[in-house]
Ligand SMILES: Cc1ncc(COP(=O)(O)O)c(C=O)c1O
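Shown here is one chain on its own, the form predicted alone, set out as structure tokens.
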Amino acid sequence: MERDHARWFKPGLQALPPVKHHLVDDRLHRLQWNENPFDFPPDLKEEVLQRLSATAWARYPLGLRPWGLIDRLARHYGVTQEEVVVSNGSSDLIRALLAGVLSPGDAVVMPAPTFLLYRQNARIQQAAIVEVPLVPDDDWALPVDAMIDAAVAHQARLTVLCAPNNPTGTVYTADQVRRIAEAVPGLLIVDEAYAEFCDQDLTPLLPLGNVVLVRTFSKLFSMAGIRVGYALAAPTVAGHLQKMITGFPISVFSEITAEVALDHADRFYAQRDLIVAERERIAAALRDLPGLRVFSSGTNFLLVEVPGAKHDLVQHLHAQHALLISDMAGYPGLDQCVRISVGAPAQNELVIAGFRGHFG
């Protein structure tokens, strides 16, 4: 007789759908996961390998944390080491933050639509999720007063923002984020995965004490496959977050790669300028097509509302141009939307040609 071993897991975890076996054909143009279309430069890969070859692989890193990278990040952003936490990707930091702060029944406030990971992790903690709707006719603008009212009314232990927002691409200004941080009763997590694509720097908000900025090397620094994320927060907050991070959170390889990326940051920012220019080129071309609504974006992707059968468009792009884009039907209010990651120029030409062939 088979026993129900699942009963040992938290009810919030049991309620989540199972993880599906999912492989993507790498021969296709993958414009669905907001990756950097330009790989880590070959000469910098060689620099990483040279540094790695001089490192002992049989030994654990010195100290439970990647203190060398922490020091490098502190110097890069003009903060102290005590304000930096490094982990295995920004998603792990978000998981740790929600697990460390939320108990069953605690309120967490977030806009909707936003990155689904926040809701998923809040459900695991059996928290009360309070979503503040964004409005497409207002270009998904952040309703600051409504966010504050919701956080105060529910005495939210956490308020979560993605700035700029995924999947809408909307940029939230520093003044908007500051107003929320100053008014909410709990911590404010700001996921800045795409901040470099709109030249946004929210580090001046750190002295408020309740702001946690979560960042990643995945997007700007072409390191999605390496898995390095970090958080900046007031020393007390960062100190408690460190306790939630597993010992030896990243490999020596990941730490060295991140340090090399920071040593050559100017090269990645030059790539960023090309990605932003390509984003605006795609947006302008798609706005010329009938029936499409292209929302403004401060990220490396575009959210597009399309008329008619969206499935036909997705299939057309896949069959005729080997393109993969994201169908956003799983997000509230985005039933008619697709999200397109900005690719290399030749890939973006395929996107434009594919949309013109379908809607032109």
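Start at 1 and count along the sequence shown; that's the residue number. Since this is a predicted model, take the numbers as computed values, not measurements.
Only in words, not in the display: the form predicted in complex with the ligand, which the text now covers.
Q: Though the ligand is not shown, can you say which of 121, 254, 222, 216 has a heavy atom within 4.5 Å of it in the predicted bound form?
A: For this set of options, the contacting one is 216.
Q: Using heavy atoms only and a 4.5 Å cut-off, determine which of 172, 268, 194, 140 is in contact with the ligand in the predicted bound form.
A: Exactly one residue meets the criterion: 194.
Q: Would residue 91 sit within 4.5 Å of the ligand in the predicted bound form, counting heavy atoms only?
A: Heavy-atom contact with the ligand at 4.5 Å: present for residue 91.
Q: Check whether residue 166 has any heavy atom within 4.5 Å of a heavy atom of the ligand in the predicted bound form, and answer yes or no.
A: Answer yes; at least one heavy atom of residue 166 falls within 4.5 Å of the ligand in the predicted bound form.
Q: Would you please decide whether residue 162 lies within 4.5 angstroms of the ligand in the predicted bound form, comparing each non-hydrogen atom pair?
A: Residue 162: contacts the ligand in the predicted bound form.
Q: Does residue 77 make contact with the ligand in the predicted bound form, using a 4.5 Å heavy atom cut-off?
A: Residue 77: no contact with the ligand in the predicted bound form.
Q: Among the candidate stretches 122-130, 82-90, 277-285, 176-184, which one is within 4.5 Å of the ligand in the predicted bound form when only heavy atoms are counted?
A: Selected range: 82-90.
Q: Taking the ligand in the predicted bound form, which residues of 113-129 have any heavy atom within 4.5 Å of it?
A: Only 115 sits within 4.5 Å of the partner.
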